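Let us start with two forms of the same protein chain, each given on its own as structure tokens and named structure 1 and structure 2.
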Structure 1
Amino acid sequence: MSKLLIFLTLIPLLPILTTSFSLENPSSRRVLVLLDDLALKSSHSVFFNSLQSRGFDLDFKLADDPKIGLHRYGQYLYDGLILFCPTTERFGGSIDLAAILEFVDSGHDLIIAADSNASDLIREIATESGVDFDEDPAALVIDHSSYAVSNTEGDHTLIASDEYIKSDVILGSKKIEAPVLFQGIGHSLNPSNSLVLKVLSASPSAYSSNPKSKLSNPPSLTGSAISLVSIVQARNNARILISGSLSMFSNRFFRSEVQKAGSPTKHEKSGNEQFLTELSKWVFHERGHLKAMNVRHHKAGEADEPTIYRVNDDLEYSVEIYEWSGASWEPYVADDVQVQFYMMSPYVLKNLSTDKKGSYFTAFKVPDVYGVFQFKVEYQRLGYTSLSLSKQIPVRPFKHNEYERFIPAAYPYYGAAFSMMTGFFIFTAVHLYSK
């Protein structure tokens, strides 16, 4: 009896328990972490703890666990996927390359960390995301001028790089002071993919090669063309982070002190923690995720939205844009949001002014062209999810009784027409009586 009672009280709670990531409230997200070795869980604990402290529910699994799966009964079990398994040739369970691509295609986020000796599977996932890892499996990024100084001379594969992408939304507004330590494989961006971006690139003196063998041929990847960490924001706003180094996420790199070769300053702590924490905030949509709502338009001086406009009407347009801050929707402030009044090409293109509380508005005159128009906002900025709003509205010409009736400029024509009529009368009279 008591069991039944508990069951009955739990039923109304079910919808709450099963809510997952939604656009309205992208919090309390579940992330699947696939590892080569469960030891990574403790050796990379600082990174994982920072995710957990931000409300993510991490599910650690071995990559070859036969029970893992991304979805069940047609629903995704996770909102994000972290692949810290560079050497895995085959995933266990139902996960394979196609399943991961489908996961991203349905708008979920992905973090891939590769390393030297990365498996073909990881390379294929990266290739599908728009980056190509160096084909030599033993290759590492080597830099003889901007390596991280250590006690032993080493082979200069431990790189200290500070060539970040210049974007506050991707890396946070706080400047990253210390260089980021990187040890791993380099990749290049696919030039035909316009969605992939270099976040951390190698210095111009870097090259990618096997450090243990002599350099017989010129290396295939050199200089700033080598990307160390890249990001992708797909057209469905799914975000992907690709790193050529798994160890850059490790506690050892997070805590290590760093001095870039040739630089006198020695930093107590590398920039890895700040860099990767900020980047993971971006990847998991805690920053740079916009939503637009309350698109409104009406004639100047009226409040209701009309079903049709007339040419040369004065109208007002407003929209509200918010950015997800990780906990709540905050007003988004920018001065470059534009609205188009569009019929095959924009007839009106206007900047929207903002009240800094999320509301954007403008007023303009409907052009002297009738047809079916659209209000369009196409907002695509580096690091932000793209906004694409459109609202259709017809525009009609003047009705016949909306034209001016007596135009002063036309009085001579009126006069001519009437003089022709009187002329006709006089002529008629004269013609009839002149005989």
Structure 2
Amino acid sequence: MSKLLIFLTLIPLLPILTTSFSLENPSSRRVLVLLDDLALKSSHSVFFNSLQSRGFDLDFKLADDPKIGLHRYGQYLYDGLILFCPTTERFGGSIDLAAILEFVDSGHDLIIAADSNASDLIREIATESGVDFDEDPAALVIDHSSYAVSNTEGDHTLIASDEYIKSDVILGSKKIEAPVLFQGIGHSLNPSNSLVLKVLSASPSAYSSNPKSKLSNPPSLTGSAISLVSIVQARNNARILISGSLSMFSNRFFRSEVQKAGSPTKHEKSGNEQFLTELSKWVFHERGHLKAMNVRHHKAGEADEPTIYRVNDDLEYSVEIYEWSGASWEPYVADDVQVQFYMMSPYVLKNLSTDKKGSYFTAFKVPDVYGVFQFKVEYQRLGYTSLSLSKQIPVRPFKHNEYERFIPAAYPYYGAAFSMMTGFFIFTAVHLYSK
């Protein structure tokens, strides 16, 4: 009876377990979306439909739903989390700040969208992720030079920004022609966190302040130091997107015309949809995810991997690296992959050649030093998941019967010894038999 109860309990989890994150399919497939109001499901439907059309299973919940949770029976129910609930002071169910941080620490992905009403909870999550929103709760990003032209004068808080990060792997290879509309709060990057990157920056003329009051003191955030949208790739390859504007994900901003102040060009559609669609592909590992396999090393001319090398052996090293394209694994092509032959410090550092079909290889001579070495590949490139490969192998010196009988470098010493012996006999003979 107890076995039957366990079986019936696990049946609802089967769809979750079969669609979860795996090495063969690294894209986050089941995503929990927490909302302040279920009306956001329709007002931001274009963004959500984009995710669903790419195979994502979105589970929409109110942020204060008492039944929500990220895991059950030791298994995570979701691969990704979207927080479109900037005003939430406290999550329902078993979700809190610690649970979200643990979720990311477990290698899962996160999207955070804030606005001018961002709660302390959302600000704390952002701070733990490496960014700091403006401390003034009434502050918005204002730009009197790069605002979006509209029929009304406005307060220039609706910004048209085209200050994108230059990275094809993050934003795609197709250029974003139209500026992105942004209206919300700015943030700065924590200088002690090297994992955070600005994806969309404010212009040098921007500043963060309350648009309804006059400036009495210099603003705390100014110019290009203001980040509008930032990303984080953690050391465990979990990815986070942080935006200071929930409106930029809305259908209204996606479909709105846009003209940047000072530009004669008027675009029929903003760049928001392209920008956020491409960025979401990166966040959910549809692009920029690498895997390494078939790490091999052996002596030159042999095929089997030895258990030990000898100093001055000629060896060959190879590894295969592939990139996830969103649907399949494709060969990764680069010219900056390196291997180290390492013991306390690298004794050999070699660039790996590639056949452009995913295989990387090189050959080198084992250094004339014995000990326990490692083959190490530490590959970190902007926008890509990091690779850390290591294989340990001992290196021994020559055995006593493996040295050459006569070392060519010692021939002068051999000659000196024999010439000394010959000279001694000649001197003795002359000394004994001369009168």
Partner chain sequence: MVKSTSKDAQALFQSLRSAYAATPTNLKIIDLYVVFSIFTALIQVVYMAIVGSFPFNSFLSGVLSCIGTAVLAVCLRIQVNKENKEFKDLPPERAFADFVLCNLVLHLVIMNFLG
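For clarity, every value in this text was computed on a predicted model and none was experimentally measured. What we label the rigid core is the largest C-alpha set whose atoms superpose within 1.5 Å from one form to the other. Structure 1 provides the reference sequence; residues are numbered from 1 along it.
Structure 1, not structure 2, represents the form predicted together with its partner chain. Assigning each C-alpha to whichever rigid part's superposition fits it better places residue 419 and residue 339 in two different parts between structures 1 and 2.
Between-form comparison between structures 1 and 2 treats the chain as two rigid units and finds the smaller unit turned 24° relative to the larger, from C-alpha superpositions. Core-aligned Cα shift between structures 1 and 2 at residue 410: this is 4.0 Å.
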